[in-house]
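First, one chain by itself: the form predicted alone, in structure tokens.
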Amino acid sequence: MLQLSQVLLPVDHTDAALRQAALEVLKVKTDQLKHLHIKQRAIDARRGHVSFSYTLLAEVDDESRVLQQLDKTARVQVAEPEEYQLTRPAHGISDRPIIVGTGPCGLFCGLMLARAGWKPILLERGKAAGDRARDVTGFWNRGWAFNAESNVQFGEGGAGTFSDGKLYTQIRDREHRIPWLLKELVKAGAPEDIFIKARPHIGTDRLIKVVRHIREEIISLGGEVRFEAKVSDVVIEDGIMRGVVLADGSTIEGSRIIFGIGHSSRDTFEMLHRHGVPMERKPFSIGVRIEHPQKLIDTSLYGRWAGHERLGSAPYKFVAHCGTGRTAYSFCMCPGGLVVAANSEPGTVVTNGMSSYARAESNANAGFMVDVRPEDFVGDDVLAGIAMQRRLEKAAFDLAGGTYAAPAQLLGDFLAGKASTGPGKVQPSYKPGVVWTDLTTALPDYITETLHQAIPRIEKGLRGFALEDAVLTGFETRSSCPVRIPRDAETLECTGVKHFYPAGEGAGYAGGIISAAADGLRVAEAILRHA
């Protein structure tokens, strides 16, 4: 099988044109091309021209001869196999693995261990996906009280369940975990186009079905999933984690305890810290959500092709290196999406973005973020980054009047240094609503200054970004976890606590659905390998 890279075709090309392009790249006749398969399709909107860029897999007669007749500019090579090697345990175990958290890390770690016959116990502080969705949408849209254990951060599926369901990642994948994960997601109900899209997404509206299907398979294999089962303490003796204590006072003992708790289980980090579990401070980012009309973004990126059904709503990505010595960048960009309340603690406001599979809402939104470093934290406490997040989240709550509305400001007013009094042409999508104000009264000066400097830089590459009526909604603080729990490179156990496996985004080893799921697999593999 040969792989053809960067095969460019116009947006309105036909299937016949795709096959003809492959024939021309390979310099073969029609009857020599036995099979043609799309491996990946990306949208190339650089240099003011929009086209599709394909990576293709082709089966041809006399493969070696075809390769010999091509020059080096043809971008053709022998395709590497993408077979994920499942790890098989040498033997069974006497006790069941305990997995804390049912985000993508915990679910796929549990799925792997369940398929190995180990019948894991998954503990989730929040509710099952369907019940959780009712709590979340009730809080957003119907004035329900905030539930500190069932929200955008806590519950089956993790924080990614209420996002765009983005599946692209920049992690290295020599073990081919990602193709395997995509197959499992499709089997669980994700759309099949995630196989070929360069920037695939599932959509919040479909993720609930997907995570439920994975949970049901774990249970069918003898695993157990317990909801509203918050881990409030752990049992550590002689440097070995022996078990976990639930909020109801019960204890579950085990010799393999995996924590895939995500980046927002602050009380769990505090509990582990009290037990002396080693942790390291790490960088994260702080910023705002910025909203533009989706049609403006489509036109800016796709020109005359804006609105074409093959392209859909345009996503963007930017990085701006500023004179402050810091970088502003887009995070979790949601085309045709909504800005949503994503707090996990009472008396705080946190923003995030969410899109359905269709990406059909009128606004585009993204995190407009600035890097924050450990030296920016107040104090030497390893959890000082969490304290910094909390201060800003409480400031946002107070700035908006203490009603779980979010503080908001027009971009033009932000640049002019004055408070906003109402919306312009862009209606903010945040629920339960916004209060117009001056965000700079709560943001650290270096964040404000970096955002100011970044706007004209971004405008050069993304025309319309500096729209005065664009809406800034505060604050985005959960880009990643401010701490990392170190672990052994071989066994993946915590370096200071045996039988304890920190995993995923909360442990500092992932940043998104796919990377968290892949780390869950990695931990399961290590456990099985050293059984």
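Owing to the predicted nature of the structure, the values given are computational and were not obtained by experimental measurement. Quick note: we count residues from 1 along the sequence shown, nothing fancier.
Same protein, other form: the form predicted together with a small molecule, not shown, and the subject of what follows.
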To verify the annotation, which of these, G385, G367, P407, G160, has a non-hydrogen atom within 4.5 Å of the small molecule in the predicted bound form? G160
Answer key, the small molecule contact in the predicted bound form at 4.5 Å (heavy atoms) among L411, L439, V340, L451: the residue is V340
How about C332 - does it come within 4.5 Å of the small molecule in the predicted bound form, if we only consider non-hydrogen atoms? yes
Just to confirm, F284 within 4.5 Å of the small molecule in the predicted bound form by heavy atoms? no
Is there a heavy atom of A229 no more than 4.5 Å from a heavy atom of the small molecule in the predicted bound form? yes
R125: heavy atom within 4.5 Å of the small molecule in the predicted bound form? yes
Within 4.5 Å of the small molecule in the predicted bound form by heavy atoms, the stretch out of 177-185, 305-313, 67-75, 348-356 is 348-356
